[in-house]
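Only one chain is given next, in structure tokens, and it is the form predicted alone.
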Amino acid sequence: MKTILRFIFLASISGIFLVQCRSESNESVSPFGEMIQPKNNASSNEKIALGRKLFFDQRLSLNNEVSCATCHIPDMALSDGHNLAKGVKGRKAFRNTPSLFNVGFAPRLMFDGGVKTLEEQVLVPILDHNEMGASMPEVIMKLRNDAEYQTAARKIFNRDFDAWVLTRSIAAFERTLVSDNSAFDHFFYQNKSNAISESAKRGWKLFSGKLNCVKCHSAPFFTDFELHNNGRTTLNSSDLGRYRINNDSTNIGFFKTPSLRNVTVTAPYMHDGTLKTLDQVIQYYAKGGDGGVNQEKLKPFSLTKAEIGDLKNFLKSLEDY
């Protein structure tokens, strides 16, 4: 998987237009339906190519050392492997880095659901003190002096390179980051019974039946895009979740459900990255959570060693090659 993803993104930098990962047969299995494009940011190959180049450009940061791809690493399904994202000057970001796959379908963004569009979200890491730590005037000045960017801005948007060009281009590129071609997709949506192992099939039955994980991690995205509270937040926590957005105490501890697609390569887990392995995540839910502020009801459960293996094999079937 790492080799293939690396090829895709290196090819992207070189200018090859690749929208989605596909099997060798180039067989579309997408269960997602059509992605809605915003009226003020219609997609085009040229715009996507510009956004892709910006995504890997470290000049978006204060010290020219951090790009979007610094935290959203292709080899790690667009996550970064750290409990908290690492920003400029060795600073640590506020939260764990989520995968960017399928963000174009999300009705709300960020763990607290406080950002509504990808165009707005592009600004968040650039301006965040602990992530890219930049100011928009400084970023625009640097990039407008790049003749390639300025020429592209004039050609695509009929304007000088500015924040509009920056945010619309990166957002257009991020909408091409689609993961919909896993072994599970072939099994479930194309009825190819041999696409996943018998163990993974038993794991899917556990996931969707006895454990009812689909209540929040529902197919096809394996997230409901809603905010839930799994009990990891106390009043002393540095991150109070949705409360940061609306100052409503009933929202303390509520975070957006992450997708489980490619979950086997996006450790560590939770909004703060404190659970390092899938085994720890399973153990956490098996005990019914930590009982933090406003925790929603989680029914404890027990699994045999074999059942845990089946569940993990199902989750592995969500990897997209």
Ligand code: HEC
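Since this is a predicted model, take the numbers as computed values, not measurements. Residue numbers here begin at 1 and follow the sequence given.
Keep in mind that the form predicted in complex with heme C is missing from the display, and what follows is about it.
- Contact with heme C in the model of the complex, judged as any non-hydrogen atom within 4.5 angstroms, is confined among 170-178, 155-163, 142-150, 186-194 to 170-178.
- Using a 4.5 angstroms threshold between heavy atoms, residue 288 stays clear of heme C in the model of the complex.
- When heme C is considered in the model of the complex, residue 129 lies well away from it, no heavy atom lying within 4.5 Å.
- Proximity of residue 308 to heme C in the model of the complex falls outside the 4.5 Å heavy atom cutoff.
- Using a 4.5 angstroms threshold between heavy atoms, residue 293 stays clear of heme C in the model of the complex.
- Using a 4.5 Å cut-off to heme C in the model of the complex, each of 121, 216 and 270 places a heavy atom inside that distance.
- Taking heme C as positioned in the model of the complex, the residues of 59-73 that bring a heavy atom within 4.5 Å of it are, in sequence order, 60, 66, 67, 68, 71, 72.
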